[in-house]
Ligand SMILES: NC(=O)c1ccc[n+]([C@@H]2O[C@H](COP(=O)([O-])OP(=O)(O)OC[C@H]3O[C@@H](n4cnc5c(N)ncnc54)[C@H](O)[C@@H]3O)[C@@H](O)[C@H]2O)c1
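Presented below, as structure tokens, is a lone chain in the form predicted on its own.
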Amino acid sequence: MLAVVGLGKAGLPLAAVIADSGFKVIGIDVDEKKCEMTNRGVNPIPEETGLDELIKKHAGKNLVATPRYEDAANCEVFIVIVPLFVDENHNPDFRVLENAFRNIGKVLKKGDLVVLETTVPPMTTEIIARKWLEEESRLKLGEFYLAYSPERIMTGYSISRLKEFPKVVGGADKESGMKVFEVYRDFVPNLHLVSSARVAEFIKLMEGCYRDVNVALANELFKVADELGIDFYEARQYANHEYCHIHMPSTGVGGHCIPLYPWFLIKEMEKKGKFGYVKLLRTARELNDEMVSYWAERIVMECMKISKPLNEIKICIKGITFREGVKELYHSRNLALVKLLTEKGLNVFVYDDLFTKEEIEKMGLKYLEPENADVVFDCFELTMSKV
């Protein structure tokens, strides 16, 4: 029997896929309403393709949700996938993660396996998580197994990613690596064992840094092309081939993942005084966050072409989520653009297909349908139009 700790957008699809592979799964989450919905067969994440069917099929049978760790006392495997937030200085806040590990430690038995899937700074598994478990359980590594396997899902496509995308596992020691590989291969078809938990942690961070740096490059080339009177998208179409892949430009990088992961490495190198080792990562972070100011300036320039007082021009920002099709606002650069324009005293409205007028107004924003605006900025198409 397995336990999945954290039934969020990554944890619940994972628990459902494991249950669908024939395992008994105890899902643990502090949200009692989410647990109650799951046990009734109601999917609390309806936008996740394929999850409805799995929840209905396994709820109350192979998959049982609970807010109590003691209900998972008979489990032999604990998979942890709870959030890791960062503070205003980009330092990781381990409180949620520590609470999960210490609660697991209270029910941990000899021979149990604990696997961390949350994206974390390097060495979190082998040093910090191990310390929490050993302190609470009074067991030592070797009496229990400890490993890391980064989640590599994409919101909205989690089920297919779990079934098809390559997944890596690595142990805090050799025995743990062998144990986690043995367990995961029963429900992960494309599985790879790497030499250590530290390597597995770094693999996920490398992916995030790659995306962030390449989006920054696309944003910079987009600005240069515009300045030179060149159609960036035409140039990109023919620049891309098997040896070159220019990403799409954007208003920046949002969400729970890519804007955070580079900071884990930046902060680790700063602790060691190796500031020069992460110059590119820091520059990419700054470039992407600065895109909000770039687009604010472009929008103001467009407004100045209209024969109305600037503060009377109705500006509609179309799309405020961090990614098209995902109803999430975490670190949304589009929402940051709305706030920046508002702070400048402009008459800013919002429209988003995923939110109702009431939901938008509840956020303290003004709602307006695009056809009623003077200027519309489509955040996902990066286009501006006058209505």
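Keep in mind that what you see is a predicted model, and the values were worked out from it rather than measured. Residue numbers here begin at 1 and follow the sequence given.
The form predicted together with the named molecule is left out here; the points below concern that form.
Residue in contact with the named molecule in the predicted bound form (any heavy atom within 4.5 Å), chosen from Ile128, Leu84, Leu221, Val213: Leu84. Scanning Ala100, Leu287, Cys209, Ile315 against the named molecule in the predicted bound form with a 4.5 Å heavy atom cut-off leaves one residue, Ala100.
Interface residue remark: Val96 is counted as part of the site for the named molecule in the predicted bound form, having a heavy atom within 4.5 Å.
Although the partner is absent from this view, Phe349 stays clear of the named molecule in the predicted bound form, with no non-hydrogen atom inside 4.5 angstroms. Although the partner is absent here, Ala10 sits close enough that one of its heavy atoms falls within 4.5 Å of the named molecule in the predicted bound form.
Interface residue remark: Ala72 is not counted as part of the site for the named molecule in the predicted bound form, having no heavy atom within 4.5 Å. Only one segment in the set 57 to 65, 23 to 31, 355 to 363, 335 to 343 has any non-hydrogen atom within 4.5 angstroms of the named molecule in the predicted bound form, and it is 23 to 31. With contact defined as any non-hydrogen atom lying within 4.5 angstroms of the named molecule in the predicted bound form, Lys204 is the only contacting residue in 189 to 227.
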